[in-house]
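One chain follows as structure tokens, the form predicted alone.
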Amino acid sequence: MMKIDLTLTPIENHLEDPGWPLLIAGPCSAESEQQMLDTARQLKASRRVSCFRAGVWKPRTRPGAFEGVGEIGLEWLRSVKQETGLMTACEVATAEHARLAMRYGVDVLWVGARTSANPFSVQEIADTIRGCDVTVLVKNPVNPDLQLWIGALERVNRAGITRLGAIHRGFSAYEKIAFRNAPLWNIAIELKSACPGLPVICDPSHIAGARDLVPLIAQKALDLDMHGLMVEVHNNPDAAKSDAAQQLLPVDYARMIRELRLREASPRELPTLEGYRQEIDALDDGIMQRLARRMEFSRKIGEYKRENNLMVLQLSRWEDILHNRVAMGRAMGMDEGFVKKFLELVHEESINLQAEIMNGEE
């Protein structure tokens, strides 16, 4: 991929420990001033946060859901900043949102996944903040479209915003997967390759969709040399008005940050090798998710065969799969023996699973 020329200046890291990545944390939604201040105080005490985030306007799929408190939430963000000294961040989806956020002194604006997918909306926001002294982070579009993501970043950058970064929050998937959003790490890696020097921050909360998976995604992001994390943290997550399942308690956030491992980067003389390794890691993640999905369908097939009293092994079907997939692998330049061995292992696991279901062992 060709390199994209962006004019960038460093995003400040306000952690007391400069050896840590940029850490942005706070509730999914601003719900009350007390909720905001209580969460911010606990985060500040952890000494593991760079910036306090909260959603003031919440784009929801269907009407009637909690859509945020609006402008009053910006006043609460200002109170957080005045009391704790933390920088503040909120999402902006319209030009009016951007104007209000700037009026209340919000330090970091982020463009959400739904908004970044609409070039008209991004351009309106860019025109509104043109020449302003603010940091802007652009989340990836809902769908896996790298060019659309780059285009949104370019629009903001051409408005004179040089403290610019991207947020990788995963991509919507129609089929059921282990996470709320598919990580598709390879797209974030391609963005890093296309835009050298661009900070790419990971939002593990929106990828995970469940709080117990957030540390796993956070560690993976740091292993892939992400610039930082944006994590949803709430003082009472079970009572949250939005995204309750994926928000951490402040104490759990602090524990996660303590337990994260910061790994040494590859030697500077081997950047290409590290890039290849990151691509392989991202592809392996995708393979594992696809294999898990395949086994789900094997389970459904086993249940169907049991209900209809069908044989587990359908030899003609297996021979067709083997013939067609081996031919496909050959056409794609892969070794026939490797492809055949791989398919046999997958088929054996599928047959064993179906046999267990047929015998009532599931």
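Quick note: we count residues from 1 along the sequence shown, nothing fancier. Since we're looking at a predicted model, the values are computed, not measured.
The following text describes the form predicted in complex with a small molecule, which does not appear among the structures shown.
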Any chance C28 has a heavy atom within 4.5 Å of the small molecule in the predicted complex?
-> yes
Is there a non-hydrogen atom of A113 within 4.5 angstroms of a non-hydrogen atom of the small molecule in the predicted complex?
-> yes
In the predicted complex, does K58 have a heavy atom within 4.5 Å of the small molecule?
-> yes
Give a yes/no on whether R169 approaches the small molecule to within 4.5 Å in the predicted complex, heavy atoms considered.
-> yes
If we take heavy atoms and a 4.5 Å cut-off, which stretch out of 275 to 283, 121 to 129, 251 to 259, 105 to 113 is in contact with the small molecule in the predicted complex?
-> 105 to 113
Partner-free chain; cross-checking the small molecule in the predicted complex, the single residue of H97, K139, K192, R211 with a heavy atom within 4.5 Å is K139
